[in-house]
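Consider the single chain below, provided in structure tokens and representing the form predicted on its own.
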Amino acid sequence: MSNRQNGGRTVSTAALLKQCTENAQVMVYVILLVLLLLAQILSPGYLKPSHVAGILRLASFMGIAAIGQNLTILTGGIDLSIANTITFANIIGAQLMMGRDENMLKAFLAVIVMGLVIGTVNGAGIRFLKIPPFIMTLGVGTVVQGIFLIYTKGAPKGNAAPFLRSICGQSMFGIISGIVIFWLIFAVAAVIILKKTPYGRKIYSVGINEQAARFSGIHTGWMIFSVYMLSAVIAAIAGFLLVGYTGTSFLDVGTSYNTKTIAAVIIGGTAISGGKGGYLGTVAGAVIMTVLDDFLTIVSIPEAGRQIMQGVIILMLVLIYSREKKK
């Protein structure tokens, strides 16, 4: 393993990587705190418990979907099929539930199968056909969009089961909702898997140097395949849970999730080139994206303006990470 001199001390590359990752994840929480305080100053009452609960509820769906995006970016890839996977899951879930609790399990299983199919296609194209992730997932996402447009004929039907609506659309004690608890469980699992398991360490190894990882005995192709499988399944779960929030399905419910999940991951300190970062920072990134969108809405910035700001943020952070990699 290579070493570098730092103030007279020899520091391993792994130690430097860990230090950079931790610094980035601390910084993103500082940014979140500053942003919240600024929002409170400019809009008194912004941090009242009921409003914070609403922000966390909205951030939860993005945060869950961003787990899969985080995994793909850590391997040096990207998943641009997430948005349409979420929408298709939302449509299937609502149509199979039809507002009845007894149909929830059937709808959930159907959504999981749909996610597995999309993940398999993505993974197979990237693993066996060697199609770049950007092209493969963009193409698959477009195909999925065409399928659900034909399936719904432009008019999706169905409603959320009352139990799912109570979990995802309502707050307990006016502070926290069930979806936030789900997100917390997913977040803890994601952090443990990435930081404490051989599978997580292999993901980082593939992102740092795929060829070196292959020479060290890691089945890099299957690792990448599994990451895209997980990404699609997690996106499908997020789409299913969104039915509980929206109450029904919409053809554009997942439209912004490609941009938002990528932004949350990058803001959270994960390098777009892969191999550096983690989900702990992505949690803060998801909340930051939600707060920005919410606050810009409060101050009457139109949707176009919010999208421009999101794009500028992504471009700036990609530029910063690219410059860091060259140093």
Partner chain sequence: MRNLDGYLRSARNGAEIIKGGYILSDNKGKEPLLKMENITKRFAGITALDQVSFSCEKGEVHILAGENGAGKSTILKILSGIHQADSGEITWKGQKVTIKDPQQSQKLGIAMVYQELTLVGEMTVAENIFLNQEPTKPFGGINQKEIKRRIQEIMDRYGIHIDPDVIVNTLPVAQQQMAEILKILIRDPELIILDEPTSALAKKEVEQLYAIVRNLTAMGKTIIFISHRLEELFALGDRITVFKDGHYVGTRKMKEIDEEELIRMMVGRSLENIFPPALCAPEPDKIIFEVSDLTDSEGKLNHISFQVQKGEVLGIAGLQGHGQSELLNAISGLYNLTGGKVMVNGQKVTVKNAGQAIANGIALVPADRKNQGLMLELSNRHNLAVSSMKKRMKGPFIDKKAESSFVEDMVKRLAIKIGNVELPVSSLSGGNQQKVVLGKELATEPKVILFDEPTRGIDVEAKREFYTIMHQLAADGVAVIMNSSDMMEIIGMSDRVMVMYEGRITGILKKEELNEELIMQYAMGLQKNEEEAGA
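Small disclaimer: the values here were computed from a predicted structure and weren't measured. Residue numbers count along the first chain shown, from 1.
The same protein also has a form predicted in complex with the partner chain, omitted here; what follows describes it.
- Though the partner is left out of this view, residue 217 does reach within 4.5 Å of the partner chain in the predicted complex, counting heavy atoms only.
- Proximity of residue 105 to the partner chain in the predicted complex: non-hydrogen atoms within 4.5 Å are absent; the residue sits far from the partner.
- None of the heavy atoms of residue 186 is located within 4.5 Å of the partner chain in the predicted complex.
- Interface membership of residue 278, defined by any non-hydrogen atom within 4.5 Å of the partner chain in the predicted complex, is ruled out.
- Distance criterion of 4.5 Å from any heavy atom to the partner chain in the predicted complex singles out 208 from the list 144, 161, 167, 208.
- Out of the listed residues 253, 233, 213, 180, 213 is the one that sits within 4.5 Å of the partner chain in the predicted complex by at least one heavy atom.
- The candidate stretches are 50 to 58, 31 to 39, 269 to 277, 296 to 304, and the one lying within 4.5 Å of the partner chain in the predicted complex by heavy atoms is 269 to 277.
- Residues of 183 to 203 placing a heavy atom within 4.5 Å of the partner chain in the predicted complex, in sequence order: 192, 196, 197, 198, 201, 202.
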